[in-house]
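This document starts with one chain, in the form predicted alone, laid out as structure tokens.
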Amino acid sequence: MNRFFVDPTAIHENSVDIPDETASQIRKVLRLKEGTRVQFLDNHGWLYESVIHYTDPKNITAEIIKKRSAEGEPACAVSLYIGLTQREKFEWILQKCTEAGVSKIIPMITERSLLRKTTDITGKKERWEKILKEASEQCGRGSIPKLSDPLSFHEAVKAGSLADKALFCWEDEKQKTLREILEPLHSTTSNISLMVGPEGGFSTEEAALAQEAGWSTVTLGKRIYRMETAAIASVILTLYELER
């Protein structure tokens, strides 16, 4: 069944005001027929099963059949702090980490980041939020991950350390695994920070700063991953350990 996120103000007692962009997608791209059932989500935890009706060839309305809680959200909110990188790679990370279950993505500028200035991504946030929305609709999420404005490494370390647990994924950590750290936290942790470095990884100075701020260094295994692989692997493995 097709799913669409809409602004909560578009939801009424028995109907949904379909935004023009969504209406165009229904009519021109998906070519859904009169009476087709679809799902609308308000990004606040509710799903509305609805039936679409064509009032004329250009206008669509939606009749709400049933309201229920949206599914697809993990019990623990995972915030991913990730080094800024080239557009294609970063957009892939946004899409796949949304599928993996991330709740928030925070781009950051580290010592070895490919992009060094926030002006390097000026004007891209709207496109990136659209990617998050479309990925959430496709994979059955109940809400859209939030995208933060970029932070410096020091700002990211400080912000992420406020979580119940802050995990610093580092290739020089050889002993402490995600399972070892997460196993005692199954029923007590509601939010976790994950930090993944850029191409070239973190410097030893950055790792030391993170540890001083309360981050726990962890290994993702015996092999060194590309940053985009490490990003999605860290989210999947974290939620797997907490949900198993």
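Sequential numbering from 1, following the sequence displayed. The model shown is predicted, which means the values in this text are computed figures rather than measured ones.
Although it is not shown, the form predicted in complex with another copy of the chain is what the next lines describe.
Quick one: find which of 178 to 186, 207 to 215, 44 to 52, 24 to 32 has residues within 4.5 Å of another copy of the chain in the model of the complex by heavy atom distance.
Looking at the partner contacts, the answer comes out as 178 to 186.
Using heavy atoms and a 4.5 Å cut-off, decide whether D17, W128 and I144 all contact another copy of the chain in the model of the complex.
None of them does, since no heavy atom lies within 4.5 Å of the partner.
Given that another copy of the chain is not shown alongside this chain, does E91 nevertheless sit within 4.5 Å of it in the model of the complex, heavy atom to heavy atom?
Flag for E91 set to no.
C139: heavy atom within 4.5 Å of another copy of the chain in the model of the complex?
Output for C139 is yes: heavy atoms within 4.5 Å of another copy of the chain.
With a 4.5 Å heavy atom cut-off, would you call A100 a contact of another copy of the chain in the model of the complex?
A100 belongs to the contact set for another copy of the chain.
Looking in the model of the complex, any heavy atom of P150 within 4.5 Å of another copy of the chain?
Contact with another copy of the chain, no.
At 4.5 Å, heavy atom to heavy atom, what parts of 223 to 244 sit next to another copy of the chain in the model of the complex? List them in sequence order, or say none.
In sequence order, R223, I224, Y225, R226, E228, T229, I232, A233, I236, L237, L239, Y240, E241, E243, R244 come within 4.5 Å of the partner.
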